[in-house]
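The data below hold one chain only, encoded as structure tokens and taken in the form predicted on its own.
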């Protein structure tokens, strides 16, 4: 039997004597100092947890999970972090139980009675900081959920734990700074790219396509009542030019030049809220929806970005209502155009060995798995698969927003991405196709740190080279 959401937590807590510098030394990431308040940390954690349980639909899930003794460790073999460290604290169900035990002790009748009768103190500053550390050790790839015999979504528990911690100021500073610029800054995007720079970039890319492919390809901006309003990861405008060129050329060849547009008031598909805060997730997604409605677009088209795709696909109607525009992934669009015969490829256009990395956010549920493989096999003469792959893929090692925290690079490439590096080396591939901005950054750093002579590209980078323009 559980209490109501406002059940009073235990009263016996020591007041915090930690400083922000103490916290930084004990955690692997930089906390957001200007929001961090360390006084009475356990009590504030419980108050925040109670508020989230009251004003969201997490309570039912957490209550169900808390009734399960999730300590079988069947998830351990599927966790690439545990398989590298063999540390008990890296077993996914151990991590989930850190938060579930707080719920059992402080939000159920049995836990409250036990705590008060026996005078046991469970939630302490050390336990809060342990959660803050271990929840960001996890890449939230959710591979462990495939092997949990009880159906626990450990990635969901990790996200919820981060959500509670973020309201206390315990959150990677890199994520907070990017989101602040996206929601409140002058540029309204995570990379702080001003609109004139975006316009100059797409004009230059159009000229490049004209010079290389002899096609007049446009990047339309602010065109109303189009079928698609396009949101790539904004970093693509700086770092993934060939991906954008491949997308624009694909739409041109498919005869859809006049069916898509980029918005000038909001053009960033990145949504870091998926990693740590539902409040941020909703605000960022609302900006996308507002831009789509301003332009009266029929669909939202997301570029090659895993978390941008998942956050929009899974939550557009949650936060935008039943009339929210449908969300289409760019690979879905390209695959459909290929199957309809509106684009063709030159067989064998890519002769080097190619392998494909499945971004967790689009592959774990089976959403985008087979489509890119069929496209690649149409123009690659030497395509090889990784093992495992598809919905059972290994994470790149930088999931859950950790790739954005540069201070974590030694951990990301040396621990969370170690098995991925072995998997890549075994393929002997020249090109690693990774249709996700975060995966591309992580995989490139993996190749650098593990001495892999491989090139990380987007799917549309190769499509740009393989399209049959005749």
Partner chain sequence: MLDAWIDLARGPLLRLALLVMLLGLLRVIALQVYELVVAWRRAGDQYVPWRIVWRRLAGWIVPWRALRDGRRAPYSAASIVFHAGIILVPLFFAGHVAIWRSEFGVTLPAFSHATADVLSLAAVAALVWLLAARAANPARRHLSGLQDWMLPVGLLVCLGAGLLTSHPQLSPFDARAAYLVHLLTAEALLVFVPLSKLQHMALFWTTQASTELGWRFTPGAGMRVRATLGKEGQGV
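Residue numbers count along the first chain shown, from 1. Worth saying up front: this structure is predicted, and the values here are computed from it rather than measured.
The same protein also exists as the form predicted in complex with the partner chain; that form is not shown, yet it is the one meant from here on.
Participant: Is it the case that residue 51, even though its partner is missing from this view, gets within 4.5 Å of the partner chain in the predicted complex, heavy atoms only?
Facilitator: Answer yes; at least one heavy atom of residue 51 falls within 4.5 Å of the partner chain in the predicted complex.
Participant: Consider residue 335 of the chain shown here, and say whether it contacts the partner chain in the predicted complex, taking contact as heavy atoms within 4.5 Å.
Facilitator: Output for residue 335 is no: heavy atoms all beyond 4.5 Å of the partner chain.
Participant: Would you check, heavy atoms only and a 4.5 Å threshold, whether residue 155 touches the partner chain in the predicted complex?
Facilitator: Yes.
Participant: Using 4.5 Å between non-hydrogen atoms, is residue 163 touching the partner chain in the predicted complex?
Facilitator: Output for residue 163 is yes: heavy atoms within 4.5 Å of the partner chain.
Participant: Report yes if all three of 346, 358 and 421 come within 4.5 Å of the partner chain in the predicted complex by some heavy atom, otherwise no.
Facilitator: Answer is no for this spot.
Participant: Identify, from the list 258, 290, 147, 208, the residue with a heavy atom within 4.5 Å of the partner chain in the predicted complex.
Facilitator: By the 4.5 Å heavy-atom cutoff, the listed residue in contact is 147.
Participant: If the cut-off is 4.5 angstroms on heavy atoms, which of these, 300, 363, 234, 281, is the one near the partner chain in the predicted complex?
Facilitator: Contact residue from the list: 281.
Participant: Which among 310 to 318, 350 to 358, 325 to 333, 264 to 272 is in contact with the partner chain in the predicted complex, heavy atoms within 4.5 angstroms?
Facilitator: One stretch meets the cut-off, namely 310 to 318.
Participant: So which residues in 35 to 66, when you check the partner chain in the predicted complex, have a heavy atom no farther than 4.5 Å from it?
Facilitator: Contacts from 35 to 66: 35, 47, 48, 51, 52, 53, 54, 55, 56, 57, 58, 59, 60, 61, 64, 65.
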